[in-house]
Each structure stands twice: as structure tokens, then as C-alpha cells.
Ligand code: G1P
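One chain comes next, on its own, written as C-alpha cells: the form predicted alone.
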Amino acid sequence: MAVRKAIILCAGEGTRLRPLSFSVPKHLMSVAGQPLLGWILEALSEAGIEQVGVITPPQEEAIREFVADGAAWGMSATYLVQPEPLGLAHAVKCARDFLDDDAFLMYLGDNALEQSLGEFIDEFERSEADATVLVKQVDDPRQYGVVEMRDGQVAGLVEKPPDPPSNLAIVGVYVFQPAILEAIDRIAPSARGEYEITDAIQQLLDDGGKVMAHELTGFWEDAAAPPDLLRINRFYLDRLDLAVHGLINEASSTEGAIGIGVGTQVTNCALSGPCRVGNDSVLANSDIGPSVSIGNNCRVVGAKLRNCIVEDGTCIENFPGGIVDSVIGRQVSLQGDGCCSQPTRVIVGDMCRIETTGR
């Protein structure tokens, strides 16, 4: 059965990303110049997905505004509400009417990975499996769903086991035949009160179904905390086709891949790639990069930035010691005293104002 539908699970609260996630769903946090959800939709479109169901909590408007009708990615978008956070299998159950009797891909909306989804889907379609899970070898699988393999197929699954049967962790991408919906109807909540997708897949196995695993060898990150966002930002920056559309004066220097947006002015700066700056921003007397993504309408003067995400409308001034390994939200004002010679690390939510004073 051809896979032309996908569901993206965007109902998580992102508690470990606070204060960043107080005002923005974690799925819309910017990495390498666009929301993480945008990168996911691009990957689904490239894989031939035609219809996407976006699963959100009640009253979530920001995600609806961003995705709209899905036409920007060449697909149609449907919005599905998960009333309570009762687990991944429960989220699938909330999408039952959208899924109908079709095979589908499920993508956890806070994951970034280096994997051709088209290749993953093709393998599933050739295998005639009831489910295929994406897995990756990890050093400590106790924090993940884990698969046990036998004769090239999945023989069992367990969620966050204290004694894992393998080091193959389940990545947040799955492909299912509609039989998974019947399996979900037959499982009970786990000890943590959630309907686990691993239990539903195990139910498929218990019923004699065929479950396959596809091993991912490239990049995978779950955007659970700010350091994860920074790793995802670096991953996508390294793969962008960056170009200069703004103005860089002769007193500035560039090294590596540099992207400068329309209307942006760079004066007396040293830029090290990968580095991307959005539109209508001002950079002056600063040392920027590598692994820095700066949004639109930003101002950076007299500062060093390394391995940072800076969201739209933010102003950073007078930090000669540098800001490193930081995520800075929208419309933030960071005003340094120009004296500190040591690097600073900050995680700042939207519309905050921070001023430092010399001692």
C-alpha cells in the first residue's frame, strides 16, 4: 500500500525548553533560519507525502498559522486535536478519521534526522510489513524505546527499559499499515498512564504481524533542551546553500559558508561559517560564527557570537567577551557594559531585557 499520508505529533509542551517554550511551541523554534517544523514539512514533501495531519493540543493557533493549508509545501494540511497528553498511541487514535484505512508515516515533531524519508517509505512498501520503525545505535538506550531483533526482524519492543535487550533506540519516525489502529484499541495505559506506541507495535507482533527496523547511521536529535536545539542548528547550517544578498563592507572579513539576507548590512565584522543572518539586520564591529544563526531585523554591535541561535527582532550590544552556546528569543535586548572579557552563556525567552554593569 502506497504511503501518501503522514501525521506530525506537535502536542508536547516542551517543559525542558522553558523559558523559550513559554511563548512559542517547541516545534516552531528557529533552527538555521526557519522553524523546526518547516524542515520536517520539507522532508515529507520530498518523500512524496500529499496529505499531512498535524496533531496539536487544544487552542494551539501558532502552529496552524505557520502551516496554514500546507500548500507552501505542496500538500494539504488537516488539524487534529489531542485533548490530553496521553501518549503517542493515543495521538494516533485521535487521527483515526484522517487516516481512514490508509498506510501512513508518523513523525514526532521535535525530531531532526539525516535520513531520506522517501527511501524509508520505499523500503516499507517493498517489505509488506505491518510496521517499520527507524532505529539508531545509542550508548545508553535506557531513556528510549528499544527494539529486540531476531532474524532481521523486530521480535520485541520495550519502553525505557532498565535492562535494554539491545542498543537500538527507536527514532521518532514510523510507518504503519492501518492494522496499528486495531492494535491500539487493544492496549492498556502503561505505568506512567500513557498509551505507548511501543505497546501497540508489540501487540501487532503478538497478533502475528511483521515489524521491520531500518537503522539510521546519520544525524538524529530530539529537540528536548537548548543544547539539542544548538546541535540541530549546526546540522542544518552545514547543509544550507548559503549566499550573500546584503552588504558586507570592505573592512569586514569572511571565512567559510556565509549567508546574508536582503537588506542586511555588515560593517567591520569578522564572519566565520557556517553562519546565517536574516533580512534587514545590522551587524557592526563584531565577531560572528561559526555555527551562528541570526534572524530578521536583528542588531548585533560590539559582540562576539559563537554557536548561537538569535531570533527575530533581537538586539545584542557590547559583549566583547562573547556570547557562546546560547539560544536567545524574539525581541530580546541584551545590553552589555563592554567590560566583561569572559564568554557568557544565556538562554533567554522572548521579549526579555538584560543589562549588565561593570564592577
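Predicted, not measured: the structure shown is a model, and the values here were computed from it. Residue numbers here begin at 1 and follow the sequence given.
Note that the form predicted together with the named molecule isn't included here; everything after this is about it.
Of the residues given (209, 226, 172, 273), 172 alone sits with a heavy atom within 4.5 Å of the named molecule in the predicted bound form. This chain appears without its partner; in the predicted bound form, the one residue of 124, 107, 144, 104 with a heavy atom within 4.5 Å of the named molecule is 144. A residue is said to contact a partner when one of its heavy atoms sits within 4.5 Å of a partner heavy atom; residue 196 meets this definition for the named molecule in the predicted bound form. By the criterion of a heavy atom within 4.5 Å, residue 160 is counted among the residues contacting the named molecule in the predicted bound form. When the named molecule is considered in the predicted bound form, residue 150 lies well away from it, no heavy atom lying within 4.5 Å.
At a distance threshold of 4.5 angstroms between non-hydrogen atoms, residue 111 is in contact with the named molecule in the predicted bound form. With the named molecule left out of view, the stretch that reaches within 4.5 Å of it through heavy atoms in the predicted bound form is, among 172-180, 226-234, 263-271, 285-293, 172-180.
Although the named molecule is not shown here, in the predicted bound form the stretch 190-229 places heavy atoms of 192, 196, 198, 220, 222 within 4.5 Å of it, in sequence order.
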